[in-house]
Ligand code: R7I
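Only one chain is shown below, in structure tokens, and it's the form predicted alone.
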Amino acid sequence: MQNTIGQYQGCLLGLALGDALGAPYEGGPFERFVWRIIGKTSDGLPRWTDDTQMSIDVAEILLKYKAIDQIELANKFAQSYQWSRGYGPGAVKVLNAIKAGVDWKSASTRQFKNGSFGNGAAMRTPPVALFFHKDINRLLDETRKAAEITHAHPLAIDGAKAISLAISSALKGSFDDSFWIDLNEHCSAPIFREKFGLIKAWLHNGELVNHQTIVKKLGNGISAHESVATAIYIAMRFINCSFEELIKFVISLKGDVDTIGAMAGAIWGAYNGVTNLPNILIEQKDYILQLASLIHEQKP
């Protein structure tokens, strides 16, 4: 299958739309109240969160260096940080330390001895997948390099690899047996293998599991192992449905709505292309489309 510029644009815009449309439903009453105040640009467009900002950072580094330069990416993450993007408290401490001159390797394990296992690495991996999807070894290596700057825990890296592999398959237009084999081979943590097995069985049997089962079996939290499998399942379950249906379902699960929406949206967009996304104006939409176009032109 020839990968089109529309798929690349669909991937990055799907990520940003999932993020921006999910953000108002993120967290508890206080977080939702704050987002009602800061969740629009000065001209009234929906804003996105750190999910999209860090994805943009990754895309810009890839376009400049044709690879993940970890020092440059760490510095870009730190310079791009704005509290109003909703960064997690652990990431804030890492990025502030980097900005203060601490080496990213030291900063990444300051907060958690073995590194964070949150989903912050998985949410920002779509540009890596777009750049390297034709070379699985390079794809996995560059995904790891982009992840471990802030999320060095093996579970976080496995989650990022899973999203990269899902987008790679979406670009091919098929989630065939090789996709599941690659997931189990390269995301080897038992908790991921168990959840991928559930997803495969549900999809194969055409079983439309309810919200409660998804939250209980897959999760809806901020950890990689409580959200990545959920995002992959939702993307695949709604792959032939409208994007609006996908987002409505993500919102209904509650929990980490914006990040699950961003990951699922990126996979859905990579499969269906930009023309099938809803025509909704969001913050910096044209720039996001431009980045996707440049990646399509300059990928290895």
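All values derive from a computational prediction rather than experimental measurement. Numbering starts at 1 and runs along the sequence shown.
Keep in mind that the form predicted in complex with the ligand is not shown, yet the notes after this line are about it.
Stretch-level contact analysis of 193-201, 118-126, 98-106, 138-146 against the ligand in the model of the complex, using heavy atoms and a 4.5 Å limit, identifies 118-126. Distance criterion of 4.5 Å from any heavy atom to the ligand in the model of the complex singles out I222 from the list A78, L171, I214, I222. Although the partner is absent here, H151 lies within 4.5 Å of the ligand in the model of the complex, judged by heavy atoms. The ligand is not drawn, but in the model of the complex it has no heavy atom within 4.5 Å of F179. Put simply, F175 is far from the ligand in the model of the complex: not one heavy atom of it is within 4.5 Å. Using a 4.5 angstroms threshold between heavy atoms, D57 stays clear of the ligand in the model of the complex. Within 4.5 angstroms of the ligand in the model of the complex, the stretch 91-105 places a non-hydrogen atom from A91 alone.
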